[in-house]
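Here we start with a single chain on its own, the form predicted alone, put down as structure tokens.
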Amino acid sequence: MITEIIINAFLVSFMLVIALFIVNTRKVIFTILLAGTYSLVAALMFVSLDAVDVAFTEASVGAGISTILFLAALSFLPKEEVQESFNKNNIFALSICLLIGGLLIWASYDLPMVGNENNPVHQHLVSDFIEGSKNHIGIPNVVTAILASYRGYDTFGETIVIYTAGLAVFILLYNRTLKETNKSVKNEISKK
């Protein structure tokens, strides 16, 4: 239990450091790479909280496909971000973020401890899932039974999200390549 808390504290601290680097960098490529790293660390956080299916989705969509899409979009953007002066809007946005972050941290103190056997979810559902996975479904692995049967629609929805995101990235990259090919063919024709 103590090691889980230490691991989670390290991951949250690492995410905070990455977020600070994202805010302070002016090169767009570094922002994209740091955002992908942030998503990957968030996926590790989900793994440490035993939400492997959510971690898989975060790693594939957040760190994978989104990073590829942003890198593809980078060719249309300037190489460096224009630095703006600090104004009242920045202070307002910062205060709103700090207020919401403080409220979320305050609300988290009311949550039950992770892994506590007296949590409400363990009192109502766990025994039904353990017995149901053996007797009703015939799947001996409880995790597989929950993901494939009890949460089948949710898992199917996550699969659709990953597939759709991958298809969208492929279409965007294919259209860009097709436009560049057509442009180079037109240039060759105009030279003749």
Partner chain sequence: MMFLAILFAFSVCFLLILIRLIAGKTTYDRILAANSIGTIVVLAISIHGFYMGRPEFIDISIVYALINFIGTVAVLKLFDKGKLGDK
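Numbering follows the first chain given and starts at 1. Please read all numbers here as calculations on a predicted model, not as lab measurements.
The next section is about a form of this same protein that is not shown, the form predicted in complex with its partner chain.
Residue contact with its partner chain in the predicted bound form: residue 137 places no heavy atom within 4.5 Å of it.
By the criterion of a heavy atom within 4.5 Å, residue 149 is excluded from the residues contacting its partner chain in the predicted bound form. The closest non-hydrogen atom of residue 3 lies within 4.5 Å of its partner chain in the predicted bound form. Residue contact with its partner chain in the predicted bound form: residue 50 places a heavy atom within 4.5 Å of it.
Residues 30, 33, 34, 37, 40, 41, 43, 44, 47, 48, 50, 52, 55, 56, 59, 60 of 30-62 are found to place at least one heavy atom within 4.5 Å of its partner chain in the predicted bound form.
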